[in-house]
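Taking the form predicted on its own, here's one chain by itself in structure tokens.
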């Protein structure tokens, strides 16, 4: 187990904000986590993965915890459905790469998303028509209030768009994910509805999970920055859900891209609204609205401050609100 004080978090957040925390603890096993004297640690406590969905707005005064539980266990009994128990510290994309190589279906559209398995289960990450809840069967956690291991079935996790029980008031911060139970399938089930994926696989009959993964990675690379090269936290804003009347005001001719939900409300791509406001390339200090995908804010200079990001975020929100009457909500968690 690794314990450090006055720890520089620059390498622990993909925005590359130069901030620090009072104490940093990385544990390798559930036993090490259970053995921590949490009461003695600087408060508050914050558990992070790779910091790929966080914006640290200042130095963190408490303790940052990080899982290095890197186990992957296949429970293969020869059936079409294959349960897999994955440690919370496993790189999510490494997990996807591995299951695709084994010919298992379900995770391939989630290729290339930065972060770790534990954080993926908290955030309910999603891309190209798939959310991680679609392949999760259960989540194992450590309850820091009751100081014991607990398990939640996928229904108990209350998954919704970029949401879970673990983000709700009253439970947020209480449960530390230690492992996730996934269920993948040997039965081919490619989801190729997105134009870019379909185009990349044109002429390929019966693609494998790895071929779909490669198409997804190619599509992501054409639109999203590589966080190892350009600091960002991926999609910065959530896609707003509006009423039919609001959508007609946004797009009188109905030509704007949209998705009608079961309750009749309409999800509109935030990127479309930001783009229509002419904000691609907009800058505030060292922060910039990414040229290839306006849903993303990047640390363009490599030395952007938290205030640069916050000012640009507010400018985007204000401009879209003034133009379309829609208030964008950040997907990125502000710490």
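Note that the structure is predicted; figures quoted are calculated from it, not measured. Residue numbers count along the first chain shown, from 1.
There is another form of this protein, the form predicted together with a small molecule, and it is not shown here; the text below is about that form.
Of the candidates 132, 224, 104, 119, 224 is the one whose heavy atoms come within 4.5 Å of the small molecule in the predicted bound form; the others do not.
Checking 231, 234, 89, 115 against the small molecule in the predicted bound form, a heavy atom within 4.5 Å turns up for just one residue: 234. Taking the partner from elsewhere, residue 295 is found to have a heavy atom lying within 4.5 Å of the small molecule in the predicted bound form. Although the partner is absent from this view, residue 127 contacts the small molecule in the predicted bound form, with a non-hydrogen atom inside 4.5 angstroms. Mapping the unseen interface onto this chain, residue 195 counts among the residues with a heavy atom inside 4.5 Å of the small molecule in the predicted bound form. Shown alone here, residue 333 lies farther than 4.5 Å from the small molecule in the predicted bound form, counting heavy atoms only. Heavy atoms within 4.5 Å of the small molecule in the predicted bound form are found in one stretch of 203 to 211, 142 to 150, 157 to 165, 172 to 180, which is 157 to 165.
In the predicted bound form, every residue of the candidate spot (220, 238 and 269) has a heavy atom lying within 4.5 Å of the small molecule.
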